[in-house]
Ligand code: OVV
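Here's a solo chain for you in structure tokens, the form predicted on its own.
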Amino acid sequence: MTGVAAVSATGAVPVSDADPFSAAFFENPHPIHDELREAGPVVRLSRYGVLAVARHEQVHAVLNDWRTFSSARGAGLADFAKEKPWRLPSLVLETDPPLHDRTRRVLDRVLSPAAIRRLRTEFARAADALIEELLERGSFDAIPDLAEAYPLSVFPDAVGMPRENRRYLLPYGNMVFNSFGPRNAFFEEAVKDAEPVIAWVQAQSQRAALAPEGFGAAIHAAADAGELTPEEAPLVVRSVLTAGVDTTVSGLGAALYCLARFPEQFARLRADPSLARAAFEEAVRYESPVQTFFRTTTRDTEIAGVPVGEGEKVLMFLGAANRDPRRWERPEEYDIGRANAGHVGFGSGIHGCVGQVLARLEGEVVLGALARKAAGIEITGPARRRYNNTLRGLASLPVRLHRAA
């Protein structure tokens, strides 16, 4: 073994001392992914006393069996049956049916394909305007100036939020996604100034703060219709705020980083801008903005023939599954022509990312605008990773855009 993840066989389950919540892993998770996949379908992580699955077949199976692998005891390392959650659990991500079905039914209607189509014209106009502005500047940092700026300009409008303090959505998401890991230095840093951010998000989730025509008001209207209780409605709005920004920021950053590093793929996109959606989807597979999530077993079961007891935490390596050579040909290549249906970058099953429809629309219109307006994306300085216990993303990506003739 390389020493990145020392794996040894003890009984039926290999054991690894890998730390998927460390700076070294955040910088380059792929060697550990490789070793975990090769060690076996199930591996025990000795540092945290949990089981892990890194192959696509097992990750997909766990995601799609909520009866055996529950989210209701927490989608992170903490077991809600044994310890108090850091925050109120999500009524969407951290519940199982029947409560989950009730909240998800509301969100599936509020974020329906028809509702998303109504946003396309305005989202595309905003993308065109931002890319035009960045072309005028020439050089900029693609993360704060594009990957963060674009979702913060369009997503809160769709929810019906006021314009003040929208950037609070970024530290809030950083807190939430760090909380799915251990209480390490990354979590402590994320929550050290949590109080005003949490108070702001709670205030924005109330009916009085929301414009009457946005997603937020539609969720509160579901409470009027008896589909949610008045107490549940703000928590469901909060779930949309959590799901709607950070994963999109990381996905856009990943797509920009991929297209800059693989100019032949950007040339393909320029030749056929209708590939914008595919280019974003492949970036989500290739970089996997959401790297990990946990489930908890509800009964004695087995994974790929390996016995697993009730109450076990199971860590799913979504990023490893998305580059599993058992599932994908040439998984280490970014290929916008790839048939990548079945990737788990947005999860899978009943707990698939509620914000994925918005993320896909935003990715498509931004990359489409780039394809039409830019001749090339040049990286002008070192990229810098943002460290987070769950999300893989960039903090900085200095670039120069070259205008198309």
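Quick note: we count residues from 1 along the sequence shown, nothing fancier. Since the structure is predicted, the reported quantities are computational estimates derived from the model, not experimental observations.
Here the subject shifts to the form predicted in complex with the named molecule, a form of this protein not shown in this document.
Contact between residue 266 and the named molecule in the model of the complex is not found at the 4.5 Å heavy atom cutoff. Not displayed here, the named molecule is kept clear of residue 261 by more than 4.5 Å at the level of heavy atoms in the model of the complex.
Contact check for residue 177: a non-hydrogen atom falls within 4.5 Å of the named molecule in the model of the complex.
Not displayed here, the named molecule is kept clear of residue 82 by more than 4.5 Å at the level of heavy atoms in the model of the complex.
None of 83-91, 184-192, 139-147, 108-116 except one has non-hydrogen atoms within 4.5 angstroms of the named molecule in the model of the complex; the exception is 83-91.
Only one of the listed residues (243, 154, 278, 228) places a non-hydrogen atom within 4.5 angstroms of the named molecule in the model of the complex, and that residue is 243. Taking a 4.5 Å heavy atom cutoff to the named molecule in the model of the complex, the contact residue among 257, 123, 334, 293 is 293.
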